[in-house]
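Next up is one chain by itself, shown in structure tokens, the form predicted on its own.
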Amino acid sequence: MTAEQSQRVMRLLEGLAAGERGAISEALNLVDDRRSEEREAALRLLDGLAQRADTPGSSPHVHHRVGITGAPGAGKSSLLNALVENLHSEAASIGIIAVDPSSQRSGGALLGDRMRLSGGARESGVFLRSMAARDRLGGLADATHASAAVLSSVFDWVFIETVGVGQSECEVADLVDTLVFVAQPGAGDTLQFMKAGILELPDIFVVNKADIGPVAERTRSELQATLGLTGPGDGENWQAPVLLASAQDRQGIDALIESIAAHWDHRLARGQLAERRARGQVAFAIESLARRYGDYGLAQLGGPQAIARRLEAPREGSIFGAVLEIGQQIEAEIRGA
């Protein structure tokens, strides 16, 4: 990394510590930059953020990471907007990553769905970042994990809204502390979601559009019955609640926020928050290395499983610094081959 890049990283770290919106935007652009010459600077920035970050529960200042997922049309954006408005009234600072479908021509995000966030997202203290999913099946953009790390260093709440639902949605479950599934009344998707294994992932279920009446209640009952067969949401005595809410009428929003806080406390009491984030970091590291060096590169150090075991072992420094170190070792092995 050049001296100029080092100075840039230090400037960004200082700007993020001060909560400067210009520094937030520049940092997000850096971690989303695919050019190889910017990769080391991005990892150095993330390493610096990780080294100064609090472990969940080690500080009275809480940083929630919440995923919002569900089928298209369920009202994810409208519900998120209602959440933002309620939290903002409590003076919480909020960052949002909205992962959009990609334009087939440019590869950029199609921003139409984000217009529904305009009410709350324009408020002071709310930062919205729209990202293109590109070709990712899991509904997450390549830089979503890195972007979440940037926003978590600044904001009290970080929300990640995904494109939709698919079998690869477990990716977002490892990235956030709490995963909220938004269901649409009468959609008839419950059985399909159960077959896909998706109902095992969320920590909280919300039937949106409760204002339409009995059909919402019926969908809630169907979900509750289905969850009675699949068991607790995380397998550790947390029974995922099924809530009714209406983004339009602002009903059930406070109850949803309380459930998110209750889930946080439950995981914190059992040491599961740090464990979940660590699992997501290892997944990010393997993916980042595979994207850069491919199967051949990872094979130089024994393959993905061997690298994962190395990353899971106790170490000094952050996962992002480990990615840099392992990447340098892979390059050395390739040059010596």
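Each residue number is its position in the shown sequence, starting from 1. Remember, predicted model here, so these are calculated numbers, not experimental data.
Beyond what is shown, the protein has a form predicted in complex with a small molecule; the following relates to that form.
Only one listed stretch (85-93, 258-266, 144-152, 70-78) carries heavy atoms within 4.5 Å of the small molecule in the model of the complex, and that stretch is 70-78. Contact with the small molecule in the model of the complex, defined as a heavy atom within 4.5 Å, is made by none of D177, D254 and Q272. The closest heavy atom approach of Q224 to the small molecule in the model of the complex falls outside 4.5 Å. The shortest heavy atom separation between V215 and the small molecule in the model of the complex exceeds 4.5 Å.
Although the partner is absent here, E161 is a contact residue: one of its heavy atoms lies within 4.5 angstroms of the small molecule in the model of the complex. When the small molecule is considered in the model of the complex, A247 lines it closely, a heavy atom lying within 4.5 Å.
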